[in-house]
Ligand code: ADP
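Presented below, as C-alpha cells, is a lone chain in the form predicted on its own.
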Amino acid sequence: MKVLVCNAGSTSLKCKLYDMPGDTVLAQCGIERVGSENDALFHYRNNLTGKRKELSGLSMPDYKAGVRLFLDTLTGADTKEPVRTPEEGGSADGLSVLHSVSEVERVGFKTTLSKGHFGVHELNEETLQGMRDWYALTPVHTKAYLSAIEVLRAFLPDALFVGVFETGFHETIPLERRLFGVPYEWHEKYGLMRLGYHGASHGYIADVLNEKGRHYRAISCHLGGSGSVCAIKDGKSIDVSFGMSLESGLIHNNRVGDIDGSIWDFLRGEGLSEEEIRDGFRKKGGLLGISGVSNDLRYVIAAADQGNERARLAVDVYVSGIVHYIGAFYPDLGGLDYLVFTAGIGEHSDRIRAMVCERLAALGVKLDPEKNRNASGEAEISAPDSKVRVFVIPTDEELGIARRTYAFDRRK
C-alpha cells in the first residue's frame, strides 16, 4: 500500500511516500516559503535511485502550487517520461516512482487536535469540524493542516485521509494528572484538561524502547524549536509537560511556556494591548524573549559563551525547565530505566544533554563525556556505572504516522 505522510507548517510542507507495510520510503520532498513570490524552495529525492531535484526562486502563492509540483515529480508528469518499475531499473527520469497519483491509497497527517477526537481518525467532516472548534488552541498549526488537507483532497479524491492527532499518545495519562484546578463543569462542558502534544515523536520513541523490552520506565525529552518532556511507562504516556495548548510546558524557541494566568490581566492593566501580549507569549517569548539574541539555541549558546548574560540566563532557564519536569515525573514512574533525548536540540546538542544530566546526578544519571560528544544517530551515552541508561534516539515522526495510518481500520 502506498501511504503519503504530510507535515504542514504555516509556510512549509513536508511529504514522504511510503510503501507499507515494509516501512520503505519511496520518495520525499520539502517545500519552503509557501506564499512567497520568486523565493520558494523545493527539495525532492527519489529514495530508490538517490536522484534529487532542487529548485529555488519559485513563485508559490499557496499549497496548491507546491503539491502540484510534488505530485508531478512523483509521477513523471513534469517530464512526460514513463515510470519504470524498480526491476526495470527505476524511473526513466530517475525521479518518479508512481505511474499515477491514484496509486496513493492513504494520506496521513500529523494533525494537532480536534475536539472530541484523540488518537487516529478518518479526516471526515466530523473530525475537521472538531479541528475548527478548537482552532483557538493551535491556530497556526490547525490553519496549515486544514489548508493542506483541502488541497490534497482535490488532487487525491479517492484516497483515505487519516489524522494521527498529536494528543492521541497522551490519552493514557490518568485523569488526576490531566485536570486543572478549575470548576469541574468547565472540564465537562469545554473539555479543559491537559492534552499534550508531540505525540508522534514520543510515540515513536516508545516504539523504539518497546523493542528493548515490554516493561520499563522512561522519560523522553523532545527538544527542538518547541520542546516537551514525556513520562512513558511500558510504552504508554503517563504524563507530559504540555498543557491544553502549545503555549505551555517548557519555554520554546519563541513561545512562553508555563506562565501565571493572571499575568495577562496584569499586563493589560499596565497598558499593553491584547495583540502585544499575544505576540509576547507566542512570537517574542521563550529563548528569543529572554536572550534578546535569537530563537535558535545554537546562536543563544554562542552568545552566552561570548559573555552575554541574558543569553546565559536563557540557556539556564531552558535547562532548568527540562530538569524540573524530569524530577516531577520520576516519582510517578517509580524510578527511571531510560532517559532519551530526541529532536533537533536533543539529538545534536551535547552541551544541553550534559547540562541536563549533570543536574540529575541525584537520580543516578551519569554520562560518558566522550560518548556524549561523539554521539551520532541512535547511541547510548551513559557511563557504565550510571543507574539510568541515557540514549540519543533520532525521532521519526513520519514513520510513526505512516504505520498508524496504514494500520487504521475505518470500520472501528
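None of the values given here were measured: they were computed from a predicted structure. We number the residues from 1 along the sequence you see.
What comes next is about the form predicted together with the named molecule, which is not displayed.
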* Structure fact -> Answer among 24 to 32, 345 to 353, 369 to 377, 56 to 64 for heavy atoms within 4.5 Å of the named molecule in the predicted bound form: the stretch 345 to 353
* Look up in the predicted bound form whether residue 297 has a non-hydrogen atom within 4.5 angstroms of the named molecule, and give yes or no. => yes
* **Heavy atom of residue 142 within 4.5 Å of the named molecule in the predicted bound form** => no
* Does the named molecule come within 4.5 Å of any heavy atom of residue 224 in the predicted bound form? -> yes
